[in-house]
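Quick heads-up: it's one chain on its own, the form predicted alone, in structure tokens.
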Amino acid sequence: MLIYLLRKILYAIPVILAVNVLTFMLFFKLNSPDDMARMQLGQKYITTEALMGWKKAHGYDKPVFYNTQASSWHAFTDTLFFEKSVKLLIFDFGLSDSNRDIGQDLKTRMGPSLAVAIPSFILSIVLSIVIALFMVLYRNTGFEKFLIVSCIILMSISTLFYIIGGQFLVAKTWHWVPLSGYMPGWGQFKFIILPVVIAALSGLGANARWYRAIFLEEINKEYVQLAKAKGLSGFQIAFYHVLPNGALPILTGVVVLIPSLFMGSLLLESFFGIPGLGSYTIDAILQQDFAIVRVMVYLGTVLYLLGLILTDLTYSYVDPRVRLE
């Protein structure tokens, strides 16, 4: 198992390096340091002195890949590529273009993101599996058709509609929860309950139909017929036989989503005023703070690869055949 894990990590390293270099080239090809300085200074007429002063203060006055004025290995380290890209590999995020400590911002904003993401993730998975099992249990009945139509309707509605509709109806009209905002500690419950419900509801239709397809494939296998012959009820077959055997393909989609929980939800956090990583990314894009955007792109890549590795490990743990191979 250790060799298997090491091999997966070694496969991920070239991908991380390639994404890191590609992201750096795209950002500095589309936006030169001069362009960044003009955007941050926000003035119509900018003097050369002001331009050079901003670039020097933020470390953008250095050569891109090779510094001819430096000696030995400093010719490679005293460059934009080393300062702005290579240091990301050791998670040294440095300062943003607005002189904020990016690492400290990430630590501060990770908590609110997880406070919304984890409950919505668990609620969505549990509801989707239960609804899918009921669709399989009552297949070819009116109840199944009702659930399928409901899932299609949920899939057809934009997440943005859920957010705006939920805010208008639940927060503004009924005054059950605050319209937006966040409070640390136990007081956060009243602020996150609506975003959690909306996040779970928006993905419920697609997940339930996907799980239904998995369970329908299992329900026709021989072990289910044997369980019926033993006199087990439909609920016992569904929850004690079909669900465990259908867990393997479900894990493939579920485990890979776990690292993305740390990145937050862009729409939810922005509309509900939650100071998480999602709203942090949106704010950086609006303010054209490309230092933060580069960090978030890099973190997204690392977390996604970790999710794939975690999926493979979970697969090998659940399925003995994969472990033997």
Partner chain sequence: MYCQGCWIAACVDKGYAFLSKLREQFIWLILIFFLSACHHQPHNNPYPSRDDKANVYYGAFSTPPKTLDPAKSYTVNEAQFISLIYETPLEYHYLKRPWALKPLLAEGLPQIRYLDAQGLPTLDRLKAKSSEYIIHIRPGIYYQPHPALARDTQGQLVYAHLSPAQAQHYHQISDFTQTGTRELTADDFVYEIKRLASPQVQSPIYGLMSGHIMDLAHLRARLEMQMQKNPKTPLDLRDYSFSGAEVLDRYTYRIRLSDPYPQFMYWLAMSFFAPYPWEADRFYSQPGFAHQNISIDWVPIGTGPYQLSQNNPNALLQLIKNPNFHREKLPQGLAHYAGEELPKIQGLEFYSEKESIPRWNKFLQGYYDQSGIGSDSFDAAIAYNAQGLPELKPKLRDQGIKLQISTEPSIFYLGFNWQDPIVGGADPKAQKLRQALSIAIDMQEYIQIFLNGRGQLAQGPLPPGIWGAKTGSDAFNPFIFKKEQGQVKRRSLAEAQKLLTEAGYPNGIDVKTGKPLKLTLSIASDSRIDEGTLYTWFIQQFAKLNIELNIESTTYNRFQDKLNSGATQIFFSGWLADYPDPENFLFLLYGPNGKVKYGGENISNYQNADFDREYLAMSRLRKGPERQAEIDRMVAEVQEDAPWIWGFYPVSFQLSQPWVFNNHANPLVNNALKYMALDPEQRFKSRLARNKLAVWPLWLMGLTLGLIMVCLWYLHRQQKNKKPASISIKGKGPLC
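Residue numbers count along the first chain shown, from 1. Keep in mind the model is a prediction, meaning the values are calculated, not measured.
In what follows, reference is made to the form predicted together with its partner chain, a form of this protein that is not presented.
Just one of Phe76, Phe91, Tyr138, Trp210 comes within 4.5 Å of its partner chain in the predicted complex, counting any heavy atom, and that one is Tyr138. Residue Leu179 is the only one of Ile118, Ile152, Leu179, Val86 with a heavy atom lying within 4.5 Å of its partner chain in the predicted complex. None of 30-38, 296-304, 257-265, 59-67 except one has non-hydrogen atoms within 4.5 angstroms of its partner chain in the predicted complex; the exception is 30-38.
Contact check for Lys190: a non-hydrogen atom falls within 4.5 Å of its partner chain in the predicted complex. Within this chain, Ser98 lines the site of its partner chain in the predicted complex, having a heavy atom no more than 4.5 Å away. In the predicted complex, its partner chain sits within 4.5 Å of a heavy atom of Leu243. In the predicted complex, its partner chain sits within 4.5 Å of a heavy atom belonging to Ile164.
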